[in-house]
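First, one chain by itself: the form predicted on its own, in structure tokens.
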């Protein structure tokens, strides 16, 4: 009974904080105020302030986490609605995904090499632009540290969501198709959540790009590592 009460309290707290941060974002609309980021920071601060451990939080947090699967499956709806556009632009989509995937992997490798980062960390950076569950598997397979990969995936996601709109404005990417491919291939699920602000077509392109990056990244991740002799 006590466990159930704690779970309900944590779920209500998390939802309340997210709603509050969403209203804050709607009111001010600064990129750094995206609800996913501000809610994460707020929850961490609350846990620290009240000395609540991660395991205690996950009594209720695990139920929120379990909704990730249905949320991903729900992306099939906008994909179905945009199926004709997907077929029409299949080559630009695949080309954009390949460009995003390889630039994400290679830029991480070059950055790590320039700063003399340890080999294990370099291998952990390679799948940073791929959705977390797949990135963990890739990192494990190529000899990286899965826990560090999760950190790099989060950094890639948040930086893409915060800086992405500005960068696309600077390079004059106005196409909703291009924006969706950029968000999905660079910032995975977080990018797809940001894509909702641009409409159904952008969401569809982002979810397709995210999925293709996960599939292709599993194949080409080890090959990129082998080519660069990491």
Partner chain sequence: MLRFIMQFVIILATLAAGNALSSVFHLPIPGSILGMFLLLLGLLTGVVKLRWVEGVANSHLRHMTLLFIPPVVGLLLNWGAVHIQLWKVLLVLSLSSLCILLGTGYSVELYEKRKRRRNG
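Given the structure is predicted, the values throughout are model-derived calculations rather than measurements. Residue numbers count along the first chain shown, from 1.
Beyond what is shown, the protein has a form predicted in complex with its partner chain; the following relates to that form.
At a distance threshold of 4.5 angstroms between non-hydrogen atoms, residue 9 is out of contact with its partner chain in the predicted complex. Contact check for residue 108: a non-hydrogen atom falls within 4.5 Å of its partner chain in the predicted complex. Proximity of residue 123 to its partner chain in the predicted complex falls outside the 4.5 Å heavy atom cutoff.
Contact annotation for residue 20: none of its heavy atoms lies within 4.5 Å of its partner chain in the predicted complex. Looking at 162-179, the residues that come within 4.5 Å of its partner chain in the predicted complex, counting any heavy atom, are 163, 164, 167, 168, 171, 172, 173, 174, 175, 177, 178.
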